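Take a look at the structure tokens below, where one protein chain is shown in two forms, each on its own, as structure 1 and structure 2.
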Structure 1
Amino acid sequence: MLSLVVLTAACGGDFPQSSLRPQSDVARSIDDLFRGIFWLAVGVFVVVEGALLVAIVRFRERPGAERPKPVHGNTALEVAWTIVPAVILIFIGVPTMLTLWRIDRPPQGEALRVEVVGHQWWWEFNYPDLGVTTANELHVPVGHTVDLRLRSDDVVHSFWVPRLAGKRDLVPGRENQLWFTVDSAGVYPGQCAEFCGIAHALMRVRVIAEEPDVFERWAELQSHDAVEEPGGEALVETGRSIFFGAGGCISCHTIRGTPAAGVLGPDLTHVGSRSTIGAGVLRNTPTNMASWVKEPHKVKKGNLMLDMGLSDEQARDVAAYLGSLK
């Protein structure tokens, strides 16, 4: 009974990181390959287990029956069980190789190029043709091929968004490639799939697929220098002073259009427009941002962000300033 409950529980619910719900051309190719091999495996299972059950029933020991006579080999049977597996392997191997060749070749036609850099433990996304740099949230246009060039800044990582493509490693000193075309708008979560240190499980990524006109507006906004959104001016002004002064934040972070030009941490130029912080650990709210800047190691153990010793009030003010950067 318990096994039945567990089994049925696994068959329901929303699974945003399931590769069985493909939403891109590459993911659909992988899914088609999987389903073809799965049903072939089911057929092999039925035939083999069926033959085994027939042999068990038909040739079982019966009272008073003579003992069977031993035989030495059966040429026809031996040829069959050599040829049949070879044919099965051909049916598996040929589609597999064709799929691998298709998804590993460079993308055909015009593609949006994005440079993906893996850090411990966050993602950097550079759009060289658009002049945009962001972190942890990859925006892409629906129906347009995206060409990702992947590399690591420290250790081996693996970029994986199950509903869009297979895993692809980021190896220090090498550039890898991954491409796909998203079918429909939505948010597709993923994560690092290669153990890379203590915060590996919290190195998340969100691919935000938008209609082309929405993506163009986002890219236009992101290409500009930081603009502070009006509201809470007193807190914002105090937070700005802390960020550029005693906080020491500018040694690691960049905010375009300001003296902040650090390259060790994520670009914060438009951090207020992002939906999450800490590589997907928290929703981007003033309260969560204050918790993050005050005690980053309590929020995400092992992350490389320094604890600047801010008070609750100072953390609130810095959060207000960062939240204003739309």
Structure 2
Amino acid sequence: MLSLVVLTAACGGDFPQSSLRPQSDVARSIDDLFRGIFWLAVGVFVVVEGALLVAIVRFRERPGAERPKPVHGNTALEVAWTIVPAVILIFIGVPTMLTLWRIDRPPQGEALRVEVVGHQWWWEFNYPDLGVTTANELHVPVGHTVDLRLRSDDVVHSFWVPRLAGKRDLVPGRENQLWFTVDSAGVYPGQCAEFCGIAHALMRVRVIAEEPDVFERWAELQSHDAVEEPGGEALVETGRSIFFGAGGCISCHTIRGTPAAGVLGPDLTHVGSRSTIGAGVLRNTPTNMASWVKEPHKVKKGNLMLDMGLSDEQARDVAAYLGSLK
């Protein structure tokens, strides 16, 4: 009973990453299934704990009582408490199979395909049909099925955005599939759910669901090369020269439309348009970006980004340049 009270109470609070607040077709069918199983379990819990309570209250030893009758068993009872659980299991098993075979197969109908590549400890998203590559923030259109193809570049990860779908692992050497259709616009946080090394806890992901027209505008913008504004701010200019020169940033990062074509780190072509950095660890503000490029390991221990030994000024300038890449 306690569990019930807490569960109901908990649903009222603000849990942005909760599997109990589904926002997609798939997550909702899992949630419906879970709620059914949950109530059956509560029923069994009440019966078992109730029987136990009655037994320990009613059959305490009383002074002067005779030795209890040595009952060795009862076949009818044994059969009963074998069959009743079996029947309950049918009520769990059948909906389970129905849901399982609905969600664990390729999506029906048209779907937006996104390739998801897991890296220690960030996410790469490629939209092959839209020519878009981005990182850590997955933009999807509301009401449109999204078909994720999951791969890993290093170790096993697991893609998990609880309000949209269950987990699915990213296994090196394999391709996995996960799909869902988001109900309404919003930002849905998630994170890697398979232990993948030191910074596993900080491998976060955000799904940004937008109305289809908003999404199309975003995709259009993202599909272009980086917008190089000639004669921008001085900071941006210095930042750019550090990025392509002394900073050594281009050995790992790509900025489409420029000589930067590294593939080890996230694509930064439109990094200025993202809301977070470091796989959801920091908000994307100039100050945060500066402290991130200066000392990436301070914010995220174990992180594979190299500390290039930038000064405060250099970091500020690089941040300004990156911020200009909208």
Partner chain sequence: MAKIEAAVPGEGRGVSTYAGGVWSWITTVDHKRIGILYFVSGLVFFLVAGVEAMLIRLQLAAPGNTLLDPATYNQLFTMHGLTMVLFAVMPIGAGFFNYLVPLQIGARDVAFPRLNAFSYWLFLFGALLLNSSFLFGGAPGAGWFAYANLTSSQYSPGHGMDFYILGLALAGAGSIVAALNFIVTILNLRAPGLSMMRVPLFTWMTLVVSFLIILAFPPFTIGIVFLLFDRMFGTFFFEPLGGGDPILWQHLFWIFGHPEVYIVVLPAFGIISEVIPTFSRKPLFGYPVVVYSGVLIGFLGFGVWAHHMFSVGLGPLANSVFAGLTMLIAIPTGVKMFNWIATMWGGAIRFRTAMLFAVGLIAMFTIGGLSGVMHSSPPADLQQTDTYFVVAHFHYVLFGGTMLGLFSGMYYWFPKVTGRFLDERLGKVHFWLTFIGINLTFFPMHFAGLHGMPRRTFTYPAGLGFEGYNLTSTVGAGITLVAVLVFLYNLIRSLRSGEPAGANPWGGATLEWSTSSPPPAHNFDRTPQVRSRDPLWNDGVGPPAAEEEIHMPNPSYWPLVVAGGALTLAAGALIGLPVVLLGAAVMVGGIYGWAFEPIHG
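Here the rigid core means the biggest group of C-alpha atoms that line up within 1.5 Å when the two forms are laid on top of each other. Residue numbering: sequential along structure 1, first residue numbered 1. Because the structure is predicted, anything quoted here is derived from the model rather than measured.
Of the two forms shown, the one predicted alone is structure 1, not structure 2. Rigid-part rearrangement between the two structures places its hinge, out of Leu100, Pro189, Leu304, His270, at Leu100. The smaller of the two rigid parts, set against the larger, turns by 10° between the two structures. Taking the core as the reference frame, the CA atom of Lys69 shifts 4.3 angstrom between the two structures. Fit the two forms on the rigid core and the C-alpha of Val48 turns out 3.7 Å off between the two structures.
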